[in-house]
Each structure stands twice: as C-alpha cells, then as structure tokens.
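Below, in structure tokens: the form predicted on its own, a single chain.
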C-alpha cells in the first residue's frame, strides 16, 4: 500500500510541489477556471458545488502563504432538468470536448463513464492514506470504485431505513422499552420481515389505519427494493469474477413477501403509482403503520409535512432480515465527485485537490445537515454541527456502517429493469412469484448472457 500511496501522492501534488520549490517570494502565477456540475440537486443541495468554491478559496490562500499566485474561478451549475437532463448535458458536453472538470453524480455512472474514457481515476491524483481521505467510511470508498480502481470521492451518503409509527406500535402491545430495543433486535435478526407483516396486520385489525396501509412501501421503482433481496441472502455481484448474480431462490422470496402483503390485505394491490405527495403525507401523519424510505425523508417529514415530534412518533432501523439465509441491511446511494478528461493533467490535479479539501469533515457537514444527508467521514460525528443534530448522529451510527450499494456494473441497469418487472407482476397478481422468476431468468439470459451468474 505504501508504494501505491506514494505514487498517488507524488502524482496528485506535482503541480503544487513544483511551485513550492521556487524561492519564497518569487512570483508564480497561474489562472484557471474549474467547472463543476451536480445532478439531482436543488437549493438545499447547493453545497455540492459551493464546497468546491470554498475549497478554491482555501487553496488560493495556501498558495499565497507560499508566495505563489493561484487564481481559481469556479463555475457551478446544479439546476438541470432532473437527472435525465443532467446526464444528457454532461454527455453532450463531453462529445464537444467541453465537459465540466468535476461532476457530482450517482456512483452508478462510474462504470459506463470510466469505460468511455469520460472520467479519470482520482486515485492517480490524491492520497487515500492521508487526511482527510483516510477518514472516509471504507464502504463508501468501495462504492466509489470500479474494478479495483478508485474513480471518485463520496460527496454524501444516505440510507434506506425501515420505519414504524410509534403510537400504533404501542397500541398493539409494544412498550417504550420494546420500541427502544427494536433497532437492536432488527440488527440481530430477532425481528424479521415476517414480523413486519404480522405487526402490520395487528395495526390494521386494531383499526389504527385503513386496509392496505399497514405495510406501506415506496411507490415507485427504486434501489430500496434490493434491500429485500439481501434480506433473503441474495447477492448482486460475485466479488471473485466481477459478474452480476441472480439468486433465484432469494428473489422469489422477495416476490412472495410482497405478494403475501397484498394477500394479507396490509398492502394495496394498486399501491405502486400512488402519488409521492400523498405517500409523504400519509406516512408522516400516522395514516400508515410501517414503511420504508430514505434518511433524507426526515427533512420532508419534519418540514413540509409538519411532523413536530419525529423521535416520539417514528422508530427507524435497518431493513429486517427475511430468514436465516439473509441479514438486516440497508442500501446507500452516495453521490460522488468525479474528475473528467477535460483539460490537462495539471487541471485534473487541481480539480482533485479541490475535491479533497471539499471532503474535509467541517465542509462536508454543511451539506449533510442542510440537505438532511449523512456524512462521509467518521470524524464528522465530532463536528459540533453534526454531533448536535440528533437525526444525523443516530442515523449514522445505526445505519451507515451496515450500508451496501448497487454494484458499479454496466449490466446492472437491464438487470434492475427485469427484476422490477417481475416484482410488479407478482405484486399485482399478474403472475405467480415462480412464473415471474422464470420470466426474469429468461430475460436475463438474453440481455446479459455470460455477464450474470444465475444460481
């Protein structure tokens, strides 16, 4: 590791080191413009780009102390027409050899964009064995890599918890102590998905929620649903071969779980497609009993939806295990900073240094707390702004160390499409879970061939 780190350090700092070798006070002037674009962002997420502007100011001040003149103009943009508009803009700019120097995007873009040559391995320019990068959560670094190469630096993190409405849990027999203990029971596998359905039925039978509202999942396709596959022991990627994995038994149990929820009457057959605004209102007001969602939903629940006492109203934990083959788990989908092929090696080195500074705990915490995301580094829990935020602190400890992610693989998108089609068919009763699995297997063989292992 030492040789690799030394190579990264020397490569990443060669521009600034050359400047520092000049006699103190000797003029060294450089002017450059760095463009940074962020996808999936709005005003609440502005620190995704503003942090690079802050980093440029720090880098300029450091250069000034060394007797150098470094002038960095940072041009930022995050107001794209959704994720589709952002990705189209990046690709079109790249085709015109005018891509932004830094992009903030989902980690799933690493595989296709590295293969196309759009992005450079950031490990060639920075040292992951030195602060602040050596403070990052290891699982987030793994998620930011592809085929053993680190291409990105995580910009933020989140998680997809299991939630329960505390007043309803109390009504069906849970004490305050039971509710406090539930996250630990989930983590140890003592409270399973079977218990979720049983408690959802009890909540409905007690007349606390309407029929079909006992277990209230997300209303559209999303990475959250891969958590249930992992709950039954399913793997998405074979680490030794780098191939995708379709575990038919595990996936069939997922389909059976949601089909059973409909059969028990705790989830509506036509639940998928419910308007998101309606869903948010219902889960934040006790109209639903148990559900799953994102850590960033906290801001919506306590803001627009007006939930005043979140911690007195909502229990949250990992997604429960399905059976003894699986485990309690959660999925994260961090956005990552990536350095593109725009400009020279010198430009890339500066861009990488800006990303490194922007990843320092105090700067990243500004984004995490403002946008209701989780941090990227262990020491953020010692930053007062982060430590004094109960949601960020508790969610980080309870969820983030156990988070995995969808694999960075060019074939995962068609795999996801096939998986979701099968889940919808099972959920709505168009097909039995066994029939849906057979159809998914056939489609994956055609779409992915030897790129997926079917177990």
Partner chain sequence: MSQNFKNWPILTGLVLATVPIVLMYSYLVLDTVTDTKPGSIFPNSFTLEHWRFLYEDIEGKANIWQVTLNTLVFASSVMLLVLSVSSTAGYALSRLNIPFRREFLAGVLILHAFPSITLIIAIFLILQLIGLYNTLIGVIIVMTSLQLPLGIWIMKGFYDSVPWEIEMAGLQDGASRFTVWYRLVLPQVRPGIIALGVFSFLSGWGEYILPTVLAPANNVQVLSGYLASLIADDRNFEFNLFKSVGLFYATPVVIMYLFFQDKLMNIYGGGTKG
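Note that this is a predicted model, so its numbers are computed, not measured. Numbering follows the first chain given and starts at 1.
One more form of this protein exists, namely the form predicted together with its partner chain; it is left out here, but the text below deals with it.
- Residues 178, 397 and 402 are none of them found to lie within 4.5 Å of its partner chain in the model of the complex, as judged by heavy atom distances.
- Exactly one of the stretches 192-200, 358-366, 296-304, 321-329 approaches its partner chain in the model of the complex with heavy atoms within 4.5 Å, and it is 296-304.
- In the model of the complex, its partner chain sits beyond 4.5 Å of every heavy atom of residue 309.
- In the model of the complex, none of the heavy atoms of residue 387 sits within 4.5 Å of a heavy atom of its partner chain.
- Taking non-hydrogen atoms only, residue 206 never approaches its partner chain to within 4.5 angstroms in the model of the complex.
- Its partner chain is not shown here, and in the model of the complex it never comes within 4.5 Å of any heavy atom of residue 29.
- Distance criterion of 4.5 Å from any heavy atom to its partner chain in the model of the complex singles out 93 from the list 245, 72, 315, 93.
- Site annotation in the model of the complex: the residue of 174, 78, 137, 163 reaching within 4.5 Å of its partner chain with a heavy atom is 78.
- Taking its partner chain as positioned in the model of the complex, the residues of 29-64 that bring a heavy atom within 4.5 Å of it are, in sequence order, 42, 43, 44, 45.
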